[in-house]
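As a starting point, one isolated chain is supplied in structure tokens, in the form predicted alone.
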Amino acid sequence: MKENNGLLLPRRKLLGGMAASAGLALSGCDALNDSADFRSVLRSAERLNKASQRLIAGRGALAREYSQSEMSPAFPKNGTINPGTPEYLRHVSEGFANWRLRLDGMFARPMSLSLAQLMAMPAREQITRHDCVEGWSAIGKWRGPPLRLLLEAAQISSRARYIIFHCADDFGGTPYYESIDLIDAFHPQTILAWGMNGGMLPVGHGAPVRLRVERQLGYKHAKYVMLIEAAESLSGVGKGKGGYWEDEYDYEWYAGI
């Protein structure tokens, strides 16, 4: 599917540049990390980014999709490339046959789904660009069910405001997680990808399932998803800022591009 709205690409470049610049500064300068004034500026930029994206493009605007010929010859692995826990390694050795994805929290019908069940659901395939705060981009093909279908099947509560993704990996003993709001959760391009570039999702890219939330920077695309939680607030998870990088390094919670 191609993007027809000519406004979206310049907006993506503009807002993506703002968010990427902030992320690079955060990852490369401890003095700035320690500055309360600088973090305040970044939080202000985040609010502007979020308001600008949704004002200019609207809630349902699509990220650009590319043709097969535009796919990158190589797609870098970054972050965790294998959680390495005994449980995860057992799942890998079993071909994820006994792996389950749980939906819990503010659902009327909490669920536990196998990989086979996820693969049997209606799937969306999309070729999109992944923009990393490290400064690189790559175009890849992703396949999986829209997140919306799972949230509807589990009957998400009308009081829920956030979707939190709990993952199999951690950083120095800190469990990895990410979160998005319901606008992005119900967006048509937000999928739980079990497929990549025409095959099954590799371990290095988050097998068996990763989040693809195409209107946000790469660190929001949680890998190794094990539990999807619906919540009214982010305050009860981690340090309450909505994700590992947000908690530990003051990355923007809303990383829209």
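Just so it is clear, the model here is predicted, and its values are computed rather than measured. Residue positions are given as counts along the sequence shown, with the first one as 1.
The discussion below concerns the form predicted in complex with a small molecule, not included here.
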Contact residue in the predicted complex, from 100, 124, 161, 130 (heavy atom within 4.5 Å of the small molecule): 130
Heavy atom of residue 77 within 4.5 Å of the small molecule in the predicted complex: yes
Close approach of residue 176 to the small molecule in the predicted complex, 4.5 Å, heavy atom: yes
4.5 Å heavy atom contact, residue 194 to the small molecule in the predicted complex: no
is_contact(residue 222, the small molecule) in the predicted complex, heavy atom dist at most 4.5 Å: yes
Heavy atom contact within 4.5 Å of the small molecule in the predicted complex, the stretch among 204 to 212, 227 to 235, 65 to 73, 184 to 192: 204 to 212
